[in-house]
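The data below hold one chain only, encoded as structure tokens and taken in the form predicted alone.
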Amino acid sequence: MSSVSPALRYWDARAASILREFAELLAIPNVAADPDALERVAAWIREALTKRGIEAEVISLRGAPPVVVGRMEGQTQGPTIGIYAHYDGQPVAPERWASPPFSPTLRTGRLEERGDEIGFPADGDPVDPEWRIYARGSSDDRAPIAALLAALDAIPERSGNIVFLFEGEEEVGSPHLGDYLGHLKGRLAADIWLICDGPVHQSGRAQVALGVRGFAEIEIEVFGPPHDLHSGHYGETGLNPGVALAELIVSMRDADGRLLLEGLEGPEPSEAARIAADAVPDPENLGFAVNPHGSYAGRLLRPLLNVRGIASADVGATSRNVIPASATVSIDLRLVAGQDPVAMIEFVRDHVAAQGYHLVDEAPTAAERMDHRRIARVVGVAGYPGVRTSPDDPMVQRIVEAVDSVADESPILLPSFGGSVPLHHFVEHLDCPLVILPIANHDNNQHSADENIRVGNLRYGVEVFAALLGGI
């Protein structure tokens, strides 16, 4: 990292004013369920871009929070980069916060390490990179917006073309993102899109991710007797749905997460993706014993069937000696690029039927209970497919080089995040590769009380955006 880069010089001279402007943005509530607040945030972003000479516009579709779209023409004929971030945030429970979630609070360090509350600095005051700003949206996902604005100020001579898109409903699943991308397709054309969301690696190293997994959810309900039965009188006479459901789960996956269900395996990752995954260090000291089979990044290249909840009769003080009438499991499927969520749900349905279950769409009739010992209902909701950009893509290499030019260590190239975000819209509507470029600290309390951004990570964001604005 160059200590004399224009962006770093700008940060050293103007860090206090950057933090104060960021605090102004964070003071506007951004909960996704508050449309009036989202309108105010979008207007603030448009005005901030316009002040910096960017052609920016707030655009609204019926029933959807607005997006902010902008374009910056560069001085060269280089590639066009799209930059995406979302400005909405998760709900808040103020009583759980150490300070009001929309009153940005600066602390000398992490709350858990007794960081003291201090005032925002005046111009010329020193700024410590270990300081933290506490507010909803400070890391997820308004930090990239603040960093981008500072980078625009730091680099007056901007080489490449940049297209901006700021969305206001990511935290509720981006139900209108595809509509916006289709509507604005001509204005959003780019050679690559940077999705600026998420944290850097758990080690603190810069990270570039090339995709996300897709998503589907399934509930399987196994039916037993019409009502709970006395276990002493009827045990092993009536089917115990709790036991049957447990057997059904282990027929689909083993204790280490390896899939046993035919059809759900997913396409093999490319050699380049496997090589990149092998180079990613495993997270350290997560506070629990980890799966010994394979690497963390390697597992993210595979689909996952996760049991997120099981219900059957009662436990603890309310437990009863019964055969329960039913048992239900709630499952989330994390899917890799190339898997169709609808087809994956059908594979699960077919598997349940192949285990000898009579499938129903509602509670079984008396006749069905007499005719079939094993009865189940499978209800699935298809989310969206996963996406993954090849590490061999030339634009990926240029992005990595730009990050490497400002990072303290060589960035980690992660072939895929484990989580799911509906980024397939960018591929389907804009027909271009995408890269996820996170800047937030990994311990930012994302989606939780006391969300925060480490000031040093905000500085990193300013530098990396400046490197991109300078041309890649």
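Every value quoted in this text rests on a predicted model; they were computed, and no experiment measured them. From 1 onward, residues are counted along the sequence shown.
The same protein has a further form, the form predicted together with another copy of the chain, not shown here; the description that follows concerns it.
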Completion exercise
Exactly one listed stretch (92-100, 269-277, 79-87, 304-312) reaches within 4.5 angstroms of another copy of the chain in the model of the complex by non-hydrogen atoms, and it is 304-312
Practice task
Please state whether every one of the three residues Ala27, Arg110 and Phe347 places a non-hydrogen atom within 4.5 angstroms of another copy of the chain in the model of the complex.
Solution key: no
Practice task
Determine whether any heavy atom of Leu177 comes within 4.5 Å of a heavy atom of another copy of the chain in the model of the complex, and answer yes or no.
Solution key: no
Exercise for the section: Evaluate Met370 for contact with another copy of the chain in the model of the complex, applying a 4.5 angstroms cut-off between non-hydrogen atoms, and reply yes or no. Expected result: yes
Practice task
Indicate whether another copy of the chain has at least one heavy atom within 4.5 Å of a heavy atom of Arg299 in the model of the complex.
Solution key: yes
Handout entry: another copy of the chain contact in the model of the complex: Glu247, any heavy atom under 4.5 Å
Key = yes
Fill in the blank from the handout: in the model of the complex, the residue from Arg398, Arg253, His351, Arg158 with a non-hydrogen atom within 4.5 Å of another copy of the chain is Arg253
Problem - Sole residue of Asp191, Glu219, Asp393, Asp128 within 4.5 Å of another copy of the chain in the model of the complex, by heavy atom - result: Glu219
Completion exercise
Contacts from 212-250 to another copy of the chain in the model of the complex (any heavy atom within 4.5 Å), listed N to C, are Arg213, Phe215, Glu219, Pro225, Pro226, Leu229, His230, Ser231, Gly232, His233, Tyr234, Gly235, Glu236, Thr237, Gly238, Asn240, Gly242, Val243, Ala246, Glu247, Ile249, Val250
